[in-house]
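This document starts with one chain, in the form predicted alone, laid out as structure tokens.
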């Protein structure tokens, strides 16, 4: 009996220690994640300005789907930025990862520090650099293009929708591709050397090894990298806020910046917590739907790996 009691006490002690170890994380989850989510879902059905909350049912949803063209334009801009930059960012990260893992790059450590430096530098500093580089008057990019004769007059890069979106995508790619390089390097390092050697013994050349061995084994890694890049791209807003703040005329607004502008009083416009919460709910379902579709389309990637 004494032995059984001691075992129970020891088990209870271990359980208490375990709960204490995860207690702070659970508290943080409930306070900073779960509660805000429930708050948003609640006030999505209210006309709430931060002081008075009036039940309005689905009126906010009706407004979003029938009368708020600015929101859907911001959603479209978000998709353009998120998926447009992937065309350059993912292949660039993959090629750099291959070069680093194959030993083609000399001074590898120096190069790795160099390409990862934009990620370590504050986003405000990065955007300030790009604002200067793409300035209409005396901007280095315009000066170079004028000197080599590609353009005859300076371009207002941040003054028109499509050139501003291009600058945003370039800055986002420049600062974000380094993380994907690390992911790809980890994936390439985990490719089975036995499979590669066996293929070479069977007479496979470097091209065949790459397309028949390396790429298929990287499929699960590529699936994860693409999913993270798409989801993070859908949440972009700091680049837009610091480079254009939605200008000109809100044409470069993205969905997260639009929600920010509704949650916080900007340009004299009164905060609309209830309606902003509704748009947050809709945006959550859009991102979740895109992710589910992507996972559905790539469900065989893990089997290939």
Partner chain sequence: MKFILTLLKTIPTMLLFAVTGLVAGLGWTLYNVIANGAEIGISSLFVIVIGNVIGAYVVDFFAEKKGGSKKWFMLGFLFGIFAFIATFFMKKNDNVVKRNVFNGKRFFSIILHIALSAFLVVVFYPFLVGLFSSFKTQREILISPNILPETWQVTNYITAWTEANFAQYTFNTVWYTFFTICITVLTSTVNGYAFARGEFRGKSAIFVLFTSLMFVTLGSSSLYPTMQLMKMFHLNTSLWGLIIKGFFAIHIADMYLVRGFINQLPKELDEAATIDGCGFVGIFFRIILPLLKPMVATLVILTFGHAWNDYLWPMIVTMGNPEGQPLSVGLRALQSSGEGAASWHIIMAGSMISALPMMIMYLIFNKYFVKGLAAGAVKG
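What you see is a predicted model; the values in this text were computed from it and never measured. Residue numbers count along the first chain shown, from 1.
Here the subject shifts to the form predicted in complex with its partner chain, a form of this protein not shown in this document.
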Just to be sure I understand the contacts: of 64, 259, 247, 56, which is the one whose heavy atoms reach within 4.5 angstroms of its partner chain in the predicted complex? 259
Between 72, 210, 162, 83, only one gets a heavy atom within 4.5 angstroms of its partner chain in the predicted complex; which residue is that? 210
Can any non-hydrogen atom of residue 195 be found within 4.5 angstroms of its partner chain in the predicted complex? no
Wondering, does residue 79 line up within 4.5 Å of its partner chain in the predicted complex on heavy atoms? no
Contact of residue 251 with its partner chain in the predicted complex (heavy atom, 4.5 Å): no
Examine residue 90 and determine whether its closest non-hydrogen atom to its partner chain in the predicted complex is within 4.5 angstroms. no
Who in 121 to 139 is close to its partner chain in the predicted complex, meaning a heavy atom within 4.5 Å? 121, 122, 123, 124, 125, 126, 128, 129, 130, 131, 132, 133, 137, 138
